[in-house]
Structures are given as C-alpha cells and as structure tokens.
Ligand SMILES: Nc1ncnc2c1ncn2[C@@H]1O[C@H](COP(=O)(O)OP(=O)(O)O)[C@@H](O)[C@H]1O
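The chain that follows stands alone, in the form predicted alone, written as structure tokens.
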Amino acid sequence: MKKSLTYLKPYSKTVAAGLVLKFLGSVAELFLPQLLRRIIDDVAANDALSMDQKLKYTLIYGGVMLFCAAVALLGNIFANRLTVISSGKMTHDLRYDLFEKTSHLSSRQVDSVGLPSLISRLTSDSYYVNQMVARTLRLGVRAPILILGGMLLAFLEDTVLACVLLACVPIVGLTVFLITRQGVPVYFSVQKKQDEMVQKIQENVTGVKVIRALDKSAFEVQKFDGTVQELAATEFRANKIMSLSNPLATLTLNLGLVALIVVGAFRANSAGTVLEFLQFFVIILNALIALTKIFVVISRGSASAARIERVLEMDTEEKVLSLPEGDKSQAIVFENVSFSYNGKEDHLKDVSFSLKRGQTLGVIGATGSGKSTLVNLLLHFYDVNAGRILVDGKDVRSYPSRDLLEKFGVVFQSDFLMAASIRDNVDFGRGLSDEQLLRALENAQATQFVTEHGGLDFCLTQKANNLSGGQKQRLLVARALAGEPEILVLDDCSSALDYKTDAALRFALKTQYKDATKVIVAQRVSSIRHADLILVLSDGKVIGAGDHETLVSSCEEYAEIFKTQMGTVEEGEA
C-alpha cells in the first residue's frame, strides 16, 4: 500500500491544508463540553450572580460556543472539499500510471494477470483505493484528535472519570484489530470473484450474437447468476466479519457510558461535570465508531492497493539484446523456431523459412495449428523458446519495439474499431493526410461504402455495429495499408469478404504494394494460392512448404483443402 500512497505526495500542500482545517475544527469541537459545564456550574448554579449577570455570561459563553461550533462546521466542510480534491487527483494519477503500465505489459504478463483482472484493477480496485484515502483523510485524522484531545481534557477535569473513558479504548481497539486481521484476506477473495464476474460479462458482451443465435440467453443468465451468487456469498462473508466491529464497539462504549454515569453520580461535585463527561463520552464514542468504519474501508482498500501495486511493480523495461545478425537480403527469416505458451507443450515446433523483400508468404492450417502464434512471434509479442526470428537481417530481440513495429502494418484475427469517425479509425493517431487515408481505403476496396456513408467523417458506433462484417474487415485493412508498411501482416482478414472483393484486394496488394513483404494468414486457398511461399501448419508443425503447385502434388492436407474449397471434390468424397 506504500507505493499507492506515494501518489498523494504531489498534493501534499492540499492534504496539509485539509489536515490543518480538520485539526482546527476538531479542537474547536472539544471546547464545547467545557463551555457547557461553565454555563451550568459557573453561571446557572452560581447564586452569587444576579439574573442580569447570569444572562450576560450565558450569552458570552453561548456566543463562544456558537463560534466554536461554526469553526468546527466550516473547518470540516472545507477540509472535506480539499480531501476530495487531493484524493481525486491522486486516483487520477494512479489510474493513469496503471493504464500506462498495462499498455506496456508483455503478452506473457497480460496472460499471467488476466485481462478481466486488469480491467477490475483499473475500475473497482482504484475506486476502493480512492475511498480508502478520502475517508481516512476525512475521518482518520479527526477521530484520533477527538479521542486523544477528549481524553486529555477529561484527565485535566477528573482523573477517575477519565479512567472510565480510557478503559473502553483498548477494548475497542483490540476488537477492531482482530476483526480487521480476519477481514483483509477475505477481501482478496472478493476481488478475485469480481475478476471472474468481469470475465463472464466480457465473454457475454463479446459473444452476444452467438448466444442469441443459439437461443442460449437463459443458459448464460443462469451461469452468470452462479458467478454473481459466488461473489455475493464471498462479499457477504467479508461484510459479516467486518460488520462485527461496529456493534461490538458500540456495546463496549454503551457499557462504559453506564459505568460513567454510575461513578459520576457518586463522585462528581456538580451536574455540569457529569454533563461535561457525558459530552466527552459521546464525542469519543462517535470518534471510535468512525474509526471502526475507517478500518473496514482500509481493509478493502489495502487489498485493492496490493493488487494494483502488483501490476505497477511488474518489470516492463524493454530488453534490447545484442545478437548476431543474419542475411540482410532476407526480409523475414525463421530459423528452427519453437515456442510454448505454457512451457509444457510446443505450440510451434522447429519452424523454418525465409522470405525476400516484396515476396508473399501464405499460411494455412486448421484452427489451433499455430497460425496466429507465428504472427505473434514475428511481431515479438512473445520471445521464442528456441531458434531465432530475423527481420531485415536483425534478430527481433535486437530491435527496440517501436523500431520493429514501425516496419509493420497489421490486421489481427480479432481486431477492433473504435466508436469514432472512419478518419480516426484508419488514421489511428498517426497524423496521416486525407490523401493517404483515401488511397488506403481505395486499395482496401472500401471507397464505395465509405462514400455511401458520407465519407471520412462518418462515425462508427461501438464495435462498429453499424457496418457489416466485410466492411469492418476492409477498414481494418485500410488502417494497415495507410502507413505504407515495409511488412504487411494480414491474419485471416478476408473471411467476411466475397470472392470478387477478395480477388480485387489481392490484386491491389500485388500491384500497389509490390515492394512490401506480405504475410497472409488465411483459411481460403484462394487468398494465398499465388503466394511465393505457402506454409501448411498442423499442431504447430510445418507439414508442407512451397508454392501452390508444389503443395497440391506433395502435401496431402493442402491438396484436400484445395479440392474441397475449389469444388473439385469427387462425388462421395465430401
């Protein structure tokens, strides 16, 4: 939690001003019981004073009480406002750094934490940290001042009655400590269950069309209900533990109040003293109850802060290695590359090929064969377990990530479009000219539908739901083409295109981007049949490599795919 609290440092002046105001307001509140005693004992019960004198002194002491009450009120109001400002800015900075850190996490680090958990840490966890800081600054300062100040003034008035007050404090403190010790681990479990709920929501939102198409809405609602019930049960357990602090503290303090009245009845010399101590007891009682509430918030906030700090402390420093160079005439080289996501089984095994500048590589294979993994390794999202990958003769581990990725234009299998204009989606913050954007749209076969929708300023809805699947894919291709990349990677980006549009796109890539090296991952043979080199993958292994004619005659699996897709299957074979 220490790292999270350092985010308050830039706002230390605001925090200090709030604490000073909180201190002044709390001290002013502590004078009210003494002033009340003086009105009762020194004025109302003083027979030596005339009625006019009693009225005069009552008004004087009453005026001072009103002044102290006003100082306490205004001090707390302005202190609370400063607390909201400082805690809000602190949370803004924390979320900003957490988002930035998340953006620079390696793919393996994202896999280890989990995307739903990262979302939960950015949202609910940061909120709980905000609440912890805000409430601690608001109540965590005022309560100790009232408790310690009240005890000090009580001891100055009457030691025996003050001891009755003092006896309640360690009992309440021990109760809160033991309950908090049990509650913090349970809140960690609550946050994990929230991660599971976020994951379930994310899955359902992403797959809502499939769920509706299969008429499984009720089934998914039932599954979600189970997840929510588990979260509710865990949260109920945490709240059940933490909720004990308030009633136990109140019970202790009420028993102390009874003891105070009994002792005061035999010991106090005046009614004003008893009333003064009752006021002190109420102040201290409320302050202790406020502390118990703070510990509940701190318990949850500290668990959330620990989760956030685990991400913030992850090492995202880029490691650029100095490795031997290879043949610079080759744009892309894979040399005996093997890779595993989990360290147990190979998802790519002993993959080797080379590609010259301007050539096209086609990659085909069944689902799970390793096609997207090959793309991830080429972009250096993961480090290889064995072998090496060269781009323009340099190992990808020798490149700063910015320098490497500037060479690429990429369309991923599961890519996204923002709820923004077509211009913003294709440009994507690169500051490209409209001429570059329009040329990319034309070559991506998107000009017609973009014009029909009103041009570059047409705004897409969330997830581009106001476009068809094929239109989305063409915009994604346009985004990749707009930057005039040296290497173009298209990972199954034409699955929603009709054959005519697909053919027109391939022709544009061949004629307009002939100097760009292309890596095309596809399910259709027609999308890659004219590639200079085609790799056929199966279970992470290359089972066929060569051009189309070579593979038709030498690779049984490729030949079967070709026959099936091109409609040349013999009768009965389908």
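Keep in mind the model is a prediction, meaning the values are calculated, not measured. Note that residue numbering follows the sequence shown and begins at 1.
In what follows, reference is made to the form predicted in complex with the ligand, a form of this protein that is not presented.
K.L.:
Only one of H380, K193, R423, H347 comes within 4.5 Å of the ligand in the predicted bound form by heavy atoms, so just point that one out.
P.N.:
Here the answer is residue option H347.
K.L.:
Would you kindly say which of F188, Y341, F155, F224 lies with a heavy atom within 4.5 Å of the ligand in the predicted bound form?
P.N.:
It is Y341 that has a heavy atom within 4.5 Å of the partner.
K.L.:
Considering only heavy atoms, tell me if E235 and the ligand come within 4.5 Å of each other in the predicted bound form.
P.N.:
Because no heavy atom of E235 falls inside 4.5 Å of the ligand in the predicted bound form, the answer is no.
K.L.:
Is G301 close to the ligand in the predicted bound form, meaning a heavy atom pair under 4.5 Å apart or at it?
P.N.:
Taking the distances in the predicted bound form, the answer for G301 is no, it never comes within 4.5 Å of the ligand.
K.L.:
Could you confirm whether G150 comes within 4.5 Å of the ligand in the predicted bound form, counting heavy atoms only?
P.N.:
So G150 does not count as contacting the ligand.
K.L.:
Could you tell me if N443 has a non-hydrogen atom within 4.5 Å of the ligand in the predicted bound form?
P.N.:
No - in the predicted bound form, heavy atoms of N443 and the ligand never come within 4.5 Å of each other.
K.L.:
Of these, 134 to 142, 361 to 369, 482 to 490, 434 to 442, which stretch puts a heavy atom within 4.5 angstroms of the ligand in the predicted bound form?
P.N.:
So the stretch in question is 361 to 369.
K.L.:
Does anything in 394 to 420 come within 4.5 Å of the ligand in the predicted bound form by heavy atoms, and if so which residues, in order?
P.N.:
Read in sequence order, the lone residue that approaches the ligand (within 4.5 Å, in the predicted bound form) is Q413.
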